[in-house]
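Just the one chain here, the form predicted on its own, laid out as structure tokens.
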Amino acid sequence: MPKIPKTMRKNDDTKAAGKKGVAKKTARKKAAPAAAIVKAVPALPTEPAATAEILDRLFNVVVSRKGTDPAVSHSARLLSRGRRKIAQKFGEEAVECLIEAVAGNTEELIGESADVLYHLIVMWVDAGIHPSDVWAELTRREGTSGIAEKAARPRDPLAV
């Protein structure tokens, strides 16, 4: 339980008497415990928590924009321009993200990372991929060494 400064623990009887920190014994018995006072304050409404669930919500928004007026929605405009344009935008955002990472610009890296994730989701929608497919693949790989996972992949006969 958090400590409550003495000045905040005074009850109304103490304040009315003009005494600093000294209260009548009867007043102390009637005063509500500090914890009860804190609990009585209603919780303020909060914004959604900043979690990975935002990616699923964003996916649903982009899906809802598919086939809508490109003049009204950036997602609709990207989707109407086709996979090549979506891939180009994703690549541009990825490069900008890398530039900010190398430069050590944390705030800019955060913003560019959000852009990369958004454009990746647009690409998924266009390709008919659901985030749960990607989450399942990540779950499959979880606990496997990156080196072992890569070694288990089939070799590309065209690779040098």
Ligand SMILES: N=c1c2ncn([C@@H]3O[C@H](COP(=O)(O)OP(=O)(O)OP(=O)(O)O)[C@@H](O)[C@H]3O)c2ncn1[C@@H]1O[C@H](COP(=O)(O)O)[C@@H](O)[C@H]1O
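Remember, predicted model here, so these are calculated numbers, not experimental data. One-based numbering along the sequence shown.
One more form of this protein exists, namely the form predicted together with this ligand; it is left out here, but the text below deals with it.
- Comment: this ligand is not present in this chain, but in the predicted complex one of A127, V61, L98, I110 has a heavy atom within 4.5 Å of it, namely V61.
- Although the partner is absent here, S73 lies within 4.5 Å of this ligand in the predicted complex, judged by heavy atoms.
- When contacts are judged by a 4.5 Å heavy atom cut-off, R83 does not count as touching this ligand in the predicted complex.
- Not one of E137, R141 and E149 is positioned with any heavy atom within 4.5 Å of this ligand in the predicted complex.
- Along 109-138, residues D115, Y118, H119 each place a heavy atom within 4.5 Å of this ligand in the predicted complex.
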